[in-house]
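One chain follows as structure tokens, the form predicted on its own.
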Amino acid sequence: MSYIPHTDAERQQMLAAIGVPTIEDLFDAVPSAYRFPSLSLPEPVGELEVMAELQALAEANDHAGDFALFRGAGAYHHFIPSAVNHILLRGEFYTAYTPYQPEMSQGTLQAIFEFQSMIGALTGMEAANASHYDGATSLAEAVTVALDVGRRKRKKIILSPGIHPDYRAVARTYHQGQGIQFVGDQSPASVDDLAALLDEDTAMLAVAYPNFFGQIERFAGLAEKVHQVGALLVFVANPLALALFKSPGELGADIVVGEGQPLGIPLSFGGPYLGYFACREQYVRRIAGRIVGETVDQDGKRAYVMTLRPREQDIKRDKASSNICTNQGLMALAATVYLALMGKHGLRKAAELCYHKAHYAADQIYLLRGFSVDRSKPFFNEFVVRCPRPVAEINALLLERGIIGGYDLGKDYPHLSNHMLLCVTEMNTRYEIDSLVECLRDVK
């Protein structure tokens, strides 16, 4: 039986409908030298030769192992225990899809439950899902929840300019054409400036913790102001920083979202990454994505099941607020293994190393002629440096010396032209930091 069920007569009818006599005519745009059967392919080679060729192509890409890396801006170079990758590669996890049948999926379901539990502990929230595609989509989904809580009557979303520029752009894209008003991030604004925008039409106010510039802002009293007008307070948080600082839950957050990449996920040339989403229990039925709960089976033994929804998405289209189906389950597993291996104390130690190494670097750069460090607010592992020359020129000089410099803030914040966002993690040695400082000292 043919794999293509159409008869010759049916194929001719379809070709006639689109105005070509033969199937070959569909490929006129492809030069004849590159069409079957004359593909002009090189002679076949053995596996060793193929591997050598592929390895050479792979080595053409620069990667974090080739340089001293001082760039963050949303993607961070952290230590990842080797066990994380080995557990990910186990067949029962690596090939797992959606755990619709709990009797066949207890391992996957337990891993998801553990992920939710640890994210809840980090953020100070009562519920979490697993998971979204990245931090940007998590923020966009928080907007969806806030609009839903406001019964779609509230149309104002206040975003801090300290939230990652890409996250804000994705949130706008998700909700374009719905009459939603995004405000607050068009110009520099403090927490007090954002609070002044609150009114009865506000569905949500979102802040970053730390913000895009690595800074920790003062949020005292913000939750009370947001809740007084009936809006939700959303934190976009670096999960590693939460091992060191007060949780968003303690600061009055209703929803906490962010990028889970710092939790055991490599840079990977930009992805795949992991969006986490946590909230207070009263909003758990409104969130998208997988939610796993703990129960007991018919024998009274502990068991795990997907709960509160039949699948990851809402089945009834007219009632759906989102459609998160095949998600970053493998990345959520990586974060789960990382968090379990590091533990509470190991995670805090990693965060402390980031904090202290970043402050050592800032102290040294502060002493350089022509450079200045923004110390107006406390910071975590990123800080802003004003440079005597354009950032692109400085980064080109650093690259020649095997150093990837900071992020050019002028691209997203015009008032910060010639300002660089530098990132230091536990992976940066003192020698690398001192080398960076020496290179910056040579900038004229």
Partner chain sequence: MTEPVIYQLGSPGREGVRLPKPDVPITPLPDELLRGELDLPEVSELQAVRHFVNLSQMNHAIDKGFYPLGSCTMKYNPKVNEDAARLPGFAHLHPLTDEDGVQGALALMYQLQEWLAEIAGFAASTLVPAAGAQGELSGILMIRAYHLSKGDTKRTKILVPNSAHGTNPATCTMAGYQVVELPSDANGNVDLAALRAACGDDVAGMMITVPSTLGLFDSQIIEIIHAVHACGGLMYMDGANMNSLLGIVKPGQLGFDVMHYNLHKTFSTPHGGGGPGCGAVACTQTLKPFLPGPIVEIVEEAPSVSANGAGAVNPLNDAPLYGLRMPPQSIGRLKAFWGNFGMHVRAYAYIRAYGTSLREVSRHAVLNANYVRVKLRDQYRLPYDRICAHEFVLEGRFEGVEGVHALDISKRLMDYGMHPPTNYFPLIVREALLIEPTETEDKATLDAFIEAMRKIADEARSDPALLRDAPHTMPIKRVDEVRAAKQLILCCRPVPDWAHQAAGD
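Positions refer to the first chain, counted from 1. Computed from a predicted model, the values in this text were never measured in an experiment. Take the two forms, superpose them, and find the largest set of C-alpha atoms that agree within 1.5 Å; that set is the rigid core.
Unshown form predicted in complex with its partner chain; subsequent notes refer to it.
Contact between Tyr97 and its partner chain in the predicted complex is found at the 4.5 Å heavy atom cutoff. By the criterion of a heavy atom within 4.5 Å, Leu194 is excluded from the residues contacting its partner chain in the predicted complex. Heavy atoms of Arg280 reach within 4.5 Å of its partner chain in the predicted complex, making it an interface residue. In the predicted complex, at least one heavy atom of Tyr407 sits within 4.5 Å of its partner chain. Gln176 is the sole member of Gln186, Ser190, Gln228, Gln176 with a non-hydrogen atom lying within 4.5 angstroms of its partner chain in the predicted complex. Scanning Leu347, Val145, Met204, Ile365 against its partner chain in the predicted complex with a 4.5 Å heavy atom cut-off leaves one residue, Leu347. Look at 365-373, 228-236, 195-203, 159-167: in the predicted complex, residues with non-hydrogen atoms within 4.5 angstroms of its partner chain sit in 159-167. Residues Ile23, Glu24, Asp25, Leu26, Phe27, Ala29, Val30, Pro31, Tyr34, Arg35, Phe36, Pro37, Ser38, Leu39, Ser40, Leu41, Pro42, Glu43, Pro44, Val45, Glu47 are the ones in 23-47 with at least one heavy atom within 4.5 Å of its partner chain in the predicted complex, listed in sequence order. Superposition on the rigid core between the shown form and the other one places the CA atom of Ser376 less than 2 Å from its counterpart.
Core-aligned CA deviation for Ser435 between the shown form and the other one: less than 2 Å. Remark: with the core as the superposition reference, the CA shift of Pro31 between the shown form and the other one reaches 2 Å or more.
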